[in-house]
Ligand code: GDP
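What follows is a single chain, given as structure tokens, in the form predicted on its own.
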Amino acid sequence: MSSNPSNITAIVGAQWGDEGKGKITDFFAGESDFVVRFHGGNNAGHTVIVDGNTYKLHLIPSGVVYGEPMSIIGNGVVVDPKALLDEIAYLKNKGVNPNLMVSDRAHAIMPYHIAMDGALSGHQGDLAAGSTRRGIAPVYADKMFRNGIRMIDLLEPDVFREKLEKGYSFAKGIIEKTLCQSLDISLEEIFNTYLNHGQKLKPYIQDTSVELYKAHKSGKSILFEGAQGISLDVDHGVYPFTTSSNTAAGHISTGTGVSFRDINRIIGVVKAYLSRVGESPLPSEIQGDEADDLREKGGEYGTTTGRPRRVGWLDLVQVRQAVRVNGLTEIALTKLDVLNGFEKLPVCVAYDVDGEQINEMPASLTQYRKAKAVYETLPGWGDLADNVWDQGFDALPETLKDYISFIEQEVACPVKIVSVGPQRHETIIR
């Protein structure tokens, strides 16, 4: 049976990764047979609110709360087995029995990766990205060093032992001799604990690439859920203040084994303002009472860390890059309700670097550190009606529609999805 390319949709972050992707993914998950994560690890955090119930997810795709779709953790994801078992238990306690598959090729985060993450953060000083210290960077590094341990290895004691001895001694040498920290956990303790984790996760571990291929060929619908956002992409983001994986839509192929040519809908999630957990220059950042107001109204605290997020005005230089690099077909604009009551809304349209205006994200860290936001200021829209999502796009205030049109013109991509509240139903499709 031939497949329909429109059955595959990708949702990716167009900013710093806290744009509200969880809600948008959850909104579409009810129409999907499979919901798939393709990169990152439990350093990501997605908050989904369904029927007044809040779910905080870190590894399992947001569609899991529906129950019906198959949730898949692809090979491009790095998996902390204990964190995954904890998340499965968390969902079961909330009455959700996860319909889940984990790629047998996904790499496992080991305790020495977490220890190394903390040691590296101190070593990197002002160039540190503000790590969540979940072991993400070291496990991706081990993957490239070919020292990695994959989920399938946890089911094969002899291979696991062989790989663990190499990986453990390599990490121990770096942690103790190079970074002058101590590694307190023994190889034996890791071996026994992780074999046990593997047995508990065995029912979920599959060749997910083959499962997705068969699903696509039979006409099933697949939704890909990105973690983090474009500015955290290790190649295209504000390096080195990035995550350790590729967040761009192009990584779907390598992170899942699904051909990129089969994906014809790529939705970029853009928050109507800006927030950021972690370190780096941030040209449109704001401080003081206005920032506190925005942070409190938007609930801008990290899902994974609880850290207060830095906040600022919408940066269209960043969104412009997201449209181009991801090949976005449309934008989902979120958290417009948070901007209720602001009389004026500055929007960053370019950067000023030593008197020169630049319209694209610079690779130069020197330029980015000097960049000052060039703003155009648009009028606000007061307060939105309580049930505005019921009335459709035409019922939105003219100034809000102007805000949306301005974004579309600046970044050359249509805004097709408008989110005016945290609940699933508080969404307008144009």
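Since this is a predicted model, take the numbers as computed values, not measurements. Take the two forms, find the largest set of C-alpha atoms that superpose within 1.5 Å, and that set is the rigid core. All residue numbers refer to positions in the sequence shown, first residue = 1.
Not pictured, yet referred to below: the form predicted together with guanosine-5'-diphosphate.
- This chain is displayed without guanosine-5'-diphosphate, yet in the model of the complex the stretch 42 to 50 from 388 to 396, 369 to 377, 42 to 50, 27 to 35 comes within 4.5 Å of it by heavy atoms.
- Taking a 4.5 Å heavy atom cutoff to guanosine-5'-diphosphate in the model of the complex, the contact residue among H216, K335, R295, R150 is K335.
- Contact between V420 and guanosine-5'-diphosphate in the model of the complex is found at the 4.5 Å heavy atom cutoff.
- For T366, a C-alpha deviation below 2 angstroms is recorded between the shown form and the other one after rigid-core alignment.
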